[in-house]
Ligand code: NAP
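Starting off, we have a lone chain in the form predicted alone, written out as structure tokens.
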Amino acid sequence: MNAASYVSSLFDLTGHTGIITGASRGIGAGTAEVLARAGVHVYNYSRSKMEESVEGAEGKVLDLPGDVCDTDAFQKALEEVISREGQLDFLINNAGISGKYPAEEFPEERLDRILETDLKAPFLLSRMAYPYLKKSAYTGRIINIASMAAYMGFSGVMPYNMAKSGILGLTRGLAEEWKEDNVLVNAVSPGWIQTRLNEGFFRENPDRKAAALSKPMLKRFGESREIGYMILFLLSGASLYITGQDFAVDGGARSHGF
């Protein structure tokens, strides 16, 4: 077997099927593109349709409308995937929201919504997907999108900090519980990624853009597809001995010295 064939055998995901929550734009859309081009049939479970076609992956990314907090809708989405594909090989818990207020003024209603979307929903959706994932012929995978906010203090977004820290606990706990059930559970913690949402934030807060760029060792923002590359690895045959872990894709921000 030559080098190209060997690498392809590890990372070609042709025939795999999975769901990404919130893949209509940003990190989710970038990941959907990477996976679709690797042969995956990707389903975008989101309140919004994909904002644009996925380059080089026509017909391999399909929309399933629904809110991650609506478990009835997600159950119907699962059943539709199984009806179409006959299998579910992975779930990527990507959808998330935030809000910016001082901790002492944070509206309780918004707090509840963030925790429900960013932490409770990944737990509920994971256990709903579990019966299908453990039957995967390729080894079932759950990948939770965490954040630098699980490790660093970010002011004004306390519920987001709390939820993303909880995602790491969820990842380790599910990995332990399902270690003998053909399901691997890992997390990815993105750094500052070049998305439309962040671009809008930085237009309104130009000082924060300079501060954010000072954090990564690599002195640039990441691209959505660079998160997708890590996820591709975690879904591939090269990661069968990895579970319960979190992987930072942050340009070295967490390790940056002073």
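The structure presented is a predicted model; accordingly, all values stated were derived computationally and were not measured. Don't overthink the numbering: it's just position in the shown sequence, from 1.
Form predicted together with the named molecule: not shown, discussed below.
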In the predicted bound form, segment of 169-177, 74-82, 140-148, 99-107 with a heavy atom within 4.5 Å of the named molecule = 140-148
Could you confirm whether Tyr160 comes within 4.5 Å of the named molecule in the predicted bound form, counting heavy atoms only?
-> yes
Flag Asn94 as yes or no: does it have a non-hydrogen atom within 4.5 angstroms of any non-hydrogen atom of the named molecule in the predicted bound form?
-> yes
Using 4.5 Å between non-hydrogen atoms, is Tyr45 touching the named molecule in the predicted bound form?
-> yes
Given that the partner is absent here, does Gly191 sit within 4.5 Å of the named molecule in the predicted bound form, heavy atoms only?
-> yes
The named molecule in the predicted bound form: within 4.5 Å of a heavy atom of each of Gly18, Arg225 and Met230?
-> no
Which of the residues spanning 1-38 lie within 4.5 Å of the named molecule in the predicted bound form, based on heavy atoms?
-> Gly22, Ala23, Ser24, Arg25, Gly26, Ile27, Gly28
